[in-house]
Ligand SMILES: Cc1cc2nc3c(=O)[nH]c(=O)nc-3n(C[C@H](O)[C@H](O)[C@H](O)COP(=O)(O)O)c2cc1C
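The chain that follows stands alone, in the form predicted alone, written as structure tokens.
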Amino acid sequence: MLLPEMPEVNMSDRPLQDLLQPLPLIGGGTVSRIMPGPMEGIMHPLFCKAVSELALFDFWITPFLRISTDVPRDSRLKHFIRPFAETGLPVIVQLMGNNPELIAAAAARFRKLGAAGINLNFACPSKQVLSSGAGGSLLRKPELMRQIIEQTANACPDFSLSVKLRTGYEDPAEMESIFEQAVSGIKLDFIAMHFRTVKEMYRKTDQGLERIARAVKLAGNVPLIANGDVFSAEDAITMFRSTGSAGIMVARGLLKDPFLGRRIRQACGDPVTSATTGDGRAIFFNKLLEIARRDPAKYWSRPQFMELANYMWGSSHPYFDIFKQLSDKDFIAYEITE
């Protein structure tokens, strides 16, 4: 279904410096409006360490922690947050589940453990997650979404709270009821919105900018952070100016250019941030290897390096073939030269 027509707003002259202004959080503190998206299976300790040492971002939003039948013990929660907390950067923990009481209790425990905030995942399109009634499946149950948000807010008063959404389960026209029934009138720091529906997964759509622009209007006074297909600074600027969003979230684009966040800041006129002029993937991969050489017992994992190489360059790239042929000893000592 096509989205209903909306009045056009000319944002072409919107100051890019607005994207550099800190976003205030409930209870104090701020985060950047250029946000790192959570990436399940990618944000392991080695990845977090490299991002921190290269100063690519100034805070974290973790991949989701599934809360299903009970709240994990503190030892499990500490283990989950540790790779992010060890970087010294503020950590917003993303929780996912369909039990309001358990989600609220887990949020309160993470607050005591030093988290900077909670993000609630109502967006994951994984078939396994959907079949369990969590993630994006909750977009079909906005009343339950609201219960989860409200109970989490009540359990953690004056604490940063945000949500991650998609534009609908099957149809972006569902946004109206989702916003009205699930989030209207609730105090949130931000709404991170991926412009695809759950059913679209990651398939191409030509309506991304229009959907985000509509979501911005539906969000009202809650800052809406745009997410989806941001692979360059130009993509981010187009998204920001075309939709009126309060910020940009980048995820898969970081695997093709780990310096993408810094490139966006530089394009917005950040006088401090400078992005690398070389291949950001090579610089990042060399940093990963450097960290692994310093502490191989903690950071060296050939499967992790091969997985990252596949994400960054693809299995048909010459680098991938080189890595496959190297012994562990030669691999960890390797350095990419341009």
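Treat the numbers as computed from the prediction; the structure is a model and nothing was measured. One-based numbering along the sequence shown.
Same protein, other form: the form predicted in complex with this ligand, not shown, and the subject of what follows.
Of the residues I291, M39, I283, I26, just one reaches this ligand in the predicted complex with a heavy atom at 4.5 Å or closer; this is M39. R252 is the sole member of K78, R252, K141, K217 with a non-hydrogen atom within 4.5 Å of this ligand in the predicted complex. For F47, no non-hydrogen atom is located within 4.5 Å of this ligand in the predicted complex, even though that partner is not displayed. Although the partner is absent from this view, G228 contacts this ligand in the predicted complex, with a non-hydrogen atom inside 4.5 angstroms. Using a 4.5 angstroms limit between non-hydrogen atoms, T197 is distant from this ligand in the predicted complex. Among residues of the shown chain, F64 is one whose heavy atoms approach this ligand to within 4.5 Å in the predicted complex. Here the chain stands by itself, but in the predicted complex one stretch of 178-186, 228-236, 99-107, 206-214, 228-236, has heavy atoms within 4.5 Å of this ligand. Contact check at 4.5 Å (heavy atoms) against this ligand in the predicted complex: none of S52, T87 and Y334 pass. Taking a 4.5 Å heavy atom cutoff to this ligand in the predicted complex, the one contacting residue in 119-158 is N121.
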